[in-house]
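Take a look at this single chain in structure tokens; it is the form predicted on its own.
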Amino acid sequence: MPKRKISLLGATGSIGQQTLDLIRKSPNTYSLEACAAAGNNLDAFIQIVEEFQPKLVSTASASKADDLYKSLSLSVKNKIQIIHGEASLKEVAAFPLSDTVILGLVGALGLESALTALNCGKRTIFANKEPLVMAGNLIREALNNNKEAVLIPADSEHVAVHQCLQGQNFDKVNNLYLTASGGPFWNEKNLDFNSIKPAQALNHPTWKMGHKITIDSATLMNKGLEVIEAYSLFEIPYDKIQVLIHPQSLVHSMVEFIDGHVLAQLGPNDMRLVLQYALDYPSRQNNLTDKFLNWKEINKLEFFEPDLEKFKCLKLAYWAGKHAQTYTACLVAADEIAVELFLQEKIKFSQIPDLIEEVLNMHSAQEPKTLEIIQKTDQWAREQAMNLYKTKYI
């Protein structure tokens, strides 16, 4: 397998840290050529740049860039270029010395970088699902236009489906089953959703993730976004994409074929395994995490249907996906605002789907033919969500 030369977007986040751990464990297999982070966690970013010495570094603003530069050792300062601003993310994605781009950004921010990477013919690993949810048509178009570009998913569920579908005819699929841990609340019978605090929702039972995706997991919006992502990746009809609550988080997804056979992918719940698969595909290398399933300790695998009335976000995601157009971009933007308001304790947990639904109902959808249309939808939905909060939720 050729050495993967990586541009990493979101270096200080959860995905970024786990990617860096893989690079650290196998420096002859992977190298960090360029990276980007907002710079809010400056100490962590300084440590990354000092340790890995990427040639190109991006941060959010000129002041963050100055702070980073002043904090670096002289030997490192002389080896790197520091750029800043949202547009600089595209420079990291297009960096000529990188052949692989890992999108570990949160939310819609990664969309332009994703398209840039694909248009440059990069191996692009989608660890943030929002670009595929918002602009699946534009991403497929970029793939079709550049035959050197490769898209590899880095959600555990889609990596599972990716493996199960190898060598299979997609038209022979009867159902895709995306599994969900269910988050901390799926089996709570008498819990008042109005009383849930951020600390409770951030207490995920099986996965260690960033705040945004952890809240989305608690509302099941994350699974809803993954349903839309699965449609974008595999073009399986929505009525064949099913969600199952699987609290053990060991079966990451299943594919049922028309002859009744089912292929399932199992593995430890560690995102580094998922990222390693995406980096190494189509090769397989030794497991860098040293984590393997202990079959002697697995005494049950449970599966339950989700309650769509209890978890309205999943229902909204199915609705937006099936109605397509710019509804999916609207969904992503409204969800980002709602989650941030909840984390700031400005709205209740139960109000997250209410706010999103109101924005969707207000939206006049159109065909997402261009990036500009999607970006305008994103901005409109954010503004409407904030306006609704100020007029109805304060």
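One-based numbering along the sequence shown. Not measured: the values here are computed from a predicted model.
The next section is about a form of this same protein that is not shown, the form predicted together with another copy of the chain.
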(request) Tell me the stretch among 191-199, 312-320, 137-145, 158-166 that has any heavy atom within 4.5 angstroms of another copy of the chain in the predicted bound form. (result) 158-166
(request) Would you please decide whether F170 lies within 4.5 angstroms of another copy of the chain in the predicted bound form, comparing each non-hydrogen atom pair? (result) no
(message) Whether S249 contacts another copy of the chain in the predicted bound form should be assessed with a 4.5 Å heavy atom distance threshold; does it?
(response) no
(message) G267 versus another copy of the chain, in the predicted bound form: is there a non-hydrogen atom within 4.5 Å?
(response) yes
(message) Check S71 for me: does it contact another copy of the chain in the predicted bound form (non-hydrogen atoms, 4.5 angstroms)?
(response) no
(request) Identify, from the list N78, N187, S283, N203, the residue with a heavy atom within 4.5 Å of another copy of the chain in the predicted bound form. (result) S283
(request) Taking another copy of the chain as it sits in the predicted bound form, which residues of 262-282 have a non-hydrogen atom within 4.5 Å of it? Please list them. (result) V262, L263, A264, Q265, L266, G267, P268, L273, V274, Q276, Y277
